[in-house]
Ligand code: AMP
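Below you'll find only one chain, the form predicted on its own, shown as structure tokens.
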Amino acid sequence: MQQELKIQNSLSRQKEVFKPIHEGRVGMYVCGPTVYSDVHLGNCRTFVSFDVIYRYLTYLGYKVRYVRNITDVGHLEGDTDIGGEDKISKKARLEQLEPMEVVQRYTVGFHDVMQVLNALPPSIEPRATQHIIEQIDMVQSILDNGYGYVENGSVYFDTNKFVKETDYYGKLSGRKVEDLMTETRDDLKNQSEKRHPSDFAIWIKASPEHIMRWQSPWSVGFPGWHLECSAMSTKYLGQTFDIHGGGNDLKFPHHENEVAQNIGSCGHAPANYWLHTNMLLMNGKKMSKSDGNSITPEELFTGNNPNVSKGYSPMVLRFFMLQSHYGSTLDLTDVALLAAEKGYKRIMEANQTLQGLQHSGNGSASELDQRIQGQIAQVHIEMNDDFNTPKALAVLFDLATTINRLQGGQDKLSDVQPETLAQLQQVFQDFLFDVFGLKDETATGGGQGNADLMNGLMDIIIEVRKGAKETKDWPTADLIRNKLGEMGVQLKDGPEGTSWTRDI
């Protein structure tokens, strides 16, 4: 019987059995990047985490519609709702570019990094500027339902009325309504236009110098940052969908205000399950350019940063991220990356060895066979427990020890049934490459196609060496071993034959 998938729901703060709205289908919305600068490693962690979630839901047989937006308007400096300059407009002004030039440059850069980290593209990637009509319609619905008001061309969400008529505000972030309603933001411009300090702008009248602006029934202006996700998730996933995800820093005010907008416009909370990733730290502290405690993806790959002793490959970084649960903080250090590199190499070597194992007989249902079957089941159990990648990896590492013992002869292949070995080979392939999204970089050039080519070539070389040994041509056999060693390829002779590994 297949284990039920359980998800830690930020809304209830409990682990719940996942039940999609439509059987066999999942709608998932994840807040994407604001494309005014190069993607941050912390963002990479969030998107890699949801890539694994997307992959695993697909692995379980669900047809997933994964929507991840691009924010290209409305996100103001300081994450405020009316008090700062639009981040993209500011970048365009400073670099003397059109705003869409800025958007295009950093969207392409974001896609490049995601591709390098082997993150699958979402099913739909909508941009805020392409959905102005939908956002205007949602503002109008909020006004029609009495949860908004117009002041001097800007439209504000009436949180005071929302709190009095519903019990939702503060529910997602876990903050007390009393605290939310007493907060003041005296540093914001146009604060006096609001009926209450906690009200937030859903349409903002553009100042004369503001570059990005659209005509609306209320003014020439632009949508509030929170509005775009409400409008686009509703358009592509419906008024209520299964999963809404994002970084932990978005719980308040962004996601809290999303919930208010959706209820205010259509009477429904947007998602049944809310998932939030935690922070990526560096050397135990929040990343900060000002104190030198930061690193970009490119610097991490090249090693051109004083915080690392060398460059690390994209798959080592991805493997490092998998070693921590998405809801836990993760500390990026040089020591941790070195350990991840060793762990990544070991699991890839174990898989190469495993795929080369072949039965010479029928095998038996021994204690070893039962233990392997139990560990295979445990991998699924751990992933079904809120996508627990570190625990699932730990089980695969336990299995790697068994694989090496089978290769070395300490355990016998005759004690493993052929169907168990085939299942083990399939589970390693499925989880390492399809679910965890890793590539085998230990083979020349990286990637599964090159790995297959390398394996084929090495089979030929090993066969030639085997022939040399059988004819007692020791100089040739030693020459092959030594030359391969100089190239970083190590041969291992065992009872089951010769295997090989390659240094990273």
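Numbering starts at 1 and runs along the sequence shown. Worth saying up front: this structure is predicted, and the values here are computed from it rather than measured.
Not on display, but discussed next: the form predicted in complex with adenosine monophosphate.
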Quick check on this chain: which one of M287, A400, L117, A340 has a heavy atom within 4.5 Å of adenosine monophosphate in the predicted complex? M287
Can you work out which of G246, G221, P270, P122 has a heavy atom no more than 4.5 Å from adenosine monophosphate in the predicted complex? G246
Could you tell me which of 309-317, 137-145, 276-284, 233-241 sits within 4.5 Å of adenosine monophosphate in the predicted complex, going by non-hydrogen atoms? 276-284
Is L250 close to adenosine monophosphate in the predicted complex, meaning a heavy atom pair under 4.5 Å apart or at it? yes
So, K439 and adenosine monophosphate: in the predicted complex, are they within 4.5 Å at any heavy atom pair? no
Can you tell me whether R65 touches adenosine monophosphate? I mean in the predicted complex, with a 4.5 angstroms heavy atom cut-off. no
When the contact criterion is heavy atoms within 4.5 Å, does N43 count as touching adenosine monophosphate in the predicted complex? yes
Residue by residue through 19-36, which ones have a non-hydrogen atom no more than 4.5 angstroms from adenosine monophosphate in the predicted complex? C31, G32, P33, T34
